[in-house]
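Here we start with a single chain on its own, the form predicted alone, put down as structure tokens.
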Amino acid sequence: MSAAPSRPVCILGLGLIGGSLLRRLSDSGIRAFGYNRSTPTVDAAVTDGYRASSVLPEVLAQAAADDAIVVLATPFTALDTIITAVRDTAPDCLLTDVVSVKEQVAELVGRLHPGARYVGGHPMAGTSQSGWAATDPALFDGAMWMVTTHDDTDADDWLAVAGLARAAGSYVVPAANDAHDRAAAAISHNPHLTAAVTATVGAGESDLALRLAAGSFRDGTRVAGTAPDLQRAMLEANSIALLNTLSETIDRLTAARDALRDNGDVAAIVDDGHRARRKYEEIAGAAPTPITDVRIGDTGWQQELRRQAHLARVWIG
């Protein structure tokens, strides 16, 4: 792993992702502290030996005094209030986030805190559980962590956020916000919708199907077990990209229905899916190929990082 962040880290929101990050960084010897509006969550974190508070102004005042990296880890629907508080109390702190959409967060930051030093991020890690009780310091081990990489991204700020992701145990995937949101819609948000449909159809009118259900139903509906309000916040925030993937899904299912009705076969959709799954297994099953020959800060470094990331390569420092 590359060097740990050289400054403290302030995490705003101690649910599954934010809480797991607080645990991982603190357990690694990095000075980290957090905020959560829920007093029981804060009490649980403190009882477990971590620095946490439910008083946002005090936490942000500490972040400002320490020149901490501030991590937005609340649901998207809570970001307006949090970003405004950061602007008012810790305006000079480097700002990042772990929210599952990037364009909408960047728009919010630009509107509410236009002077922010902001580099977005999104760890591709999680479970269907939520809250402090579900947190795990090993959650990010080997995960892919997208770090926003645009042509105007500052090199030092990018390195700080990428170093945070590496300190958490993740590989860094450089990407533009819009490219991330399209990818996330395809491989994360759309599966939430198809899982919801599969679960609903499987439940049927009686419990017979659920008694017979085994691996395919269990695995195909896992994310439907995530708290509905968390799912809605994630999915609705990426509505434009999700509409496109949902339309493609509907078109493919409609074609499969028509082929089954007219010809008695579903070969096209099954064959396409099988090839796609095998390609995923090939990429996911191999050790990630590192990005090479890029020195952060050199002319064109952002474009070259993005180009190599589209070849499924990752940054490891």
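Each residue number is its position in the shown sequence, starting from 1. Owing to the predicted nature of the structure, the values given are computational and were not obtained by experimental measurement.
Below: the form predicted together with another copy of the chain, not depicted.
J.: Decide if the three candidate residues A64, L72 and A133 all line another copy of the chain in the model of the complex, where lining means a heavy atom within 4.5 Å.
T.: No, none of the three is in contact.
J.: Which of these residues, V98, V173, L164, L95, gets a heavy atom within 4.5 Å of another copy of the chain in the model of the complex?
T.: Selected residue: V173.
J.: Heavy atom within 4.5 Å of another copy of the chain in the model of the complex: which of V105, V86, M146, A168?
T.: Contact check passes for M146.
J.: Looking at the partner-bound form in the model of the complex, is V55 within 4.5 Å of another copy of the chain by any heavy atom?
T.: No, V55 stays farther than 4.5 Å from another copy of the chain in the model of the complex.
J.: Even though another copy of the chain is not shown here, does G273 get within 4.5 Å of it in the model of the complex, heavy atoms only?
T.: G273: yes, in contact with another copy of the chain in the model of the complex.
J.: Whether T81 contacts another copy of the chain in the model of the complex should be assessed with a 4.5 Å heavy atom distance threshold; does it?
T.: Because no heavy atom of T81 falls inside 4.5 Å of another copy of the chain in the model of the complex, the answer is no.
J.: With the partner left out of view, is D27 within 4.5 angstroms of another copy of the chain in the model of the complex by any non-hydrogen atom?
T.: Although another copy of the chain is absent here, D27 would stay clear of it in the model of the complex, with no heavy atoms inside 4.5 Å.
J.: Residues in which of 107 to 115, 73 to 81, 196 to 204, 148 to 156 have heavy atoms within 4.5 Å of another copy of the chain in the model of the complex?
T.: Answer to the contact question: 196 to 204.
J.: Just give me the residues of 241 to 272, first to last, that have a heavy atom within 4.5 Å of another copy of the chain in the model of the complex.
T.: Contacts from 241 to 272: L242, L243, T245, L246, S247, E248, T249, I250, R252, L253, T254, A256, R257, L260, R261, G264, D265, V266, A267, I269, V270, D271, D272.
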